[in-house]
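The chain that follows stands alone, in the form predicted alone, written as structure tokens.
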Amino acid sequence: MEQVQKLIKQNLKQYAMFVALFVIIVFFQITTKGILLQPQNVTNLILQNSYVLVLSMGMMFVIITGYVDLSVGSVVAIIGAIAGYMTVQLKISAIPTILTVLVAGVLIGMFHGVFIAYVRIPPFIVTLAGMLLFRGLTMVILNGRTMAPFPKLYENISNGYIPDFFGGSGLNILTLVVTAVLILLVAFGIIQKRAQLKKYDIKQTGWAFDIAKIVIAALLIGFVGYSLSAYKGVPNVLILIGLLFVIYNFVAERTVLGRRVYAIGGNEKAARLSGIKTRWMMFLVFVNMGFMAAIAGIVFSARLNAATPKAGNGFELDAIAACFIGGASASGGVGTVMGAIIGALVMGVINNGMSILGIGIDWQQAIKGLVLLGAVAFDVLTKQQSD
């Protein structure tokens, strides 16, 4: 019993958000009388929160360095505006438009990065200026109007689904196959990590704990996969999010680049004295944020199938909240890409559940604020206990 308590204490912070997400899902599943986890609503949860999932992965790296980017909502808006102007007004096809707005996102990130890393203006001020600047330019480009529709190829980024090559009727067979492969990959990853820890003689938990993780992960992935297959299959945007997660999780956990970002967040002065080019790293972090905001802008405008002047309002707050709820530290140096995903899902389930229950937007904002405050308070309290 004492060993179990010790295990729970050691992994409390790491798995607290998984438990919180599970509790929130169960609560809304009961209060919505089963509507929350219906196949169509599971798909809607993914589609409605796709932009937050993308933004939170980029924002996590910014927060790990100890800062935030307040401009991402306005960048989402201007990316949609540029895409709308190119496709609707200039009649340019989808592929050149997508490439152009991705370059625009990188240039915006470079604009922020130069002032932050080399001119040494605080990121709060630079990104606040960017928020105002790019919101104003969005209004100029759109002239206060909504531009629509986008080409079908562009729209399908968020509203399309992977076709079932197996020709299943009722259930999407391709989705079930992908689900089975994902379960096997997760199980292999957990077993491989255990083997690596053993190789370096690092103390690890018993087999029961890892088997429990594999079973829980298999149940979750299996349920989501079955729900998707029972509706229309795998959304295109889910493939995009999955690829981004694999890439960014690998960078954060397995590369020198990722370790340097964590080092800067832990102690920037010590990182610089150890030979890390901190200015260059900060520049890259904000360039990456601009790139991810551009992807989010494409995803959101494709979802609406329109470019609107009000697009992106409050998105920066959603992304920042998702990271903190997912375990990032307000002081920097702590956070994971998986945590950002979990945090975004927590926010998404709360939004969706309250909308189904008919709770007004005013109360939704208040409740989300309390959830964010509770997550940060939990981070502070667990850190104090460990000191």
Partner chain sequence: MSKTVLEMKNITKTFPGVKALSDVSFEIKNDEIHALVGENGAGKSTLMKVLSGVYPHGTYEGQILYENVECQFRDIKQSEEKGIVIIHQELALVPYLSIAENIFLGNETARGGIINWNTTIAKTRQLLKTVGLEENPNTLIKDIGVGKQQLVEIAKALSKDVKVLILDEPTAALNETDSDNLLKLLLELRKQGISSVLISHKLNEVVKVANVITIIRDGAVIETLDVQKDDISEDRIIRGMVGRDMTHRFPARTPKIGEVIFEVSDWTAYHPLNEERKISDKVHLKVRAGEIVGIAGLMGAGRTELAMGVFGHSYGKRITGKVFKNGQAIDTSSVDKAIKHGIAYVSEDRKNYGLVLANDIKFNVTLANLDDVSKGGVLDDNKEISVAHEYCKRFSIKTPGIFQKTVNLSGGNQQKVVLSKWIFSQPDVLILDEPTRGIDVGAKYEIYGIINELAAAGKAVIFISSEMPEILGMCDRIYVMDEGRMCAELNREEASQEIIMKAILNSRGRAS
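In this text the structure is predicted, and so the values were computed from the model without any measurement. Positions refer to the first chain, counted from 1.
The form predicted together with the partner chain is left out here; the points below concern that form.
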property: Answer option from 152, 272, 194, 310, heavy atom within 4.5 Å of the partner chain in the predicted complex; result: 272
property: 162, 230, 317, 276 - the one with a heavy atom within 4.5 Å of the partner chain in the predicted complex; result: 276
property: Proximity to the partner chain in the predicted complex (heavy atom, within 4.5 Å), stretch among 71 to 79, 246 to 254, 125 to 133, 232 to 240; result: 246 to 254
property: Close approach of residue 187 to the partner chain in the predicted complex, 4.5 Å, heavy atom; result: no
property: is_contact(residue 266, the partner chain) in the predicted complex, heavy atom dist at most 4.5 Å; result: yes
property: Any non-hydrogen atom of residue 262 within 4.5 angstroms of the partner chain in the predicted complex; result: yes
property: Non-hydrogen atom contact residue 199 with the partner chain in the predicted complex at 4.5 angstroms; result: yes
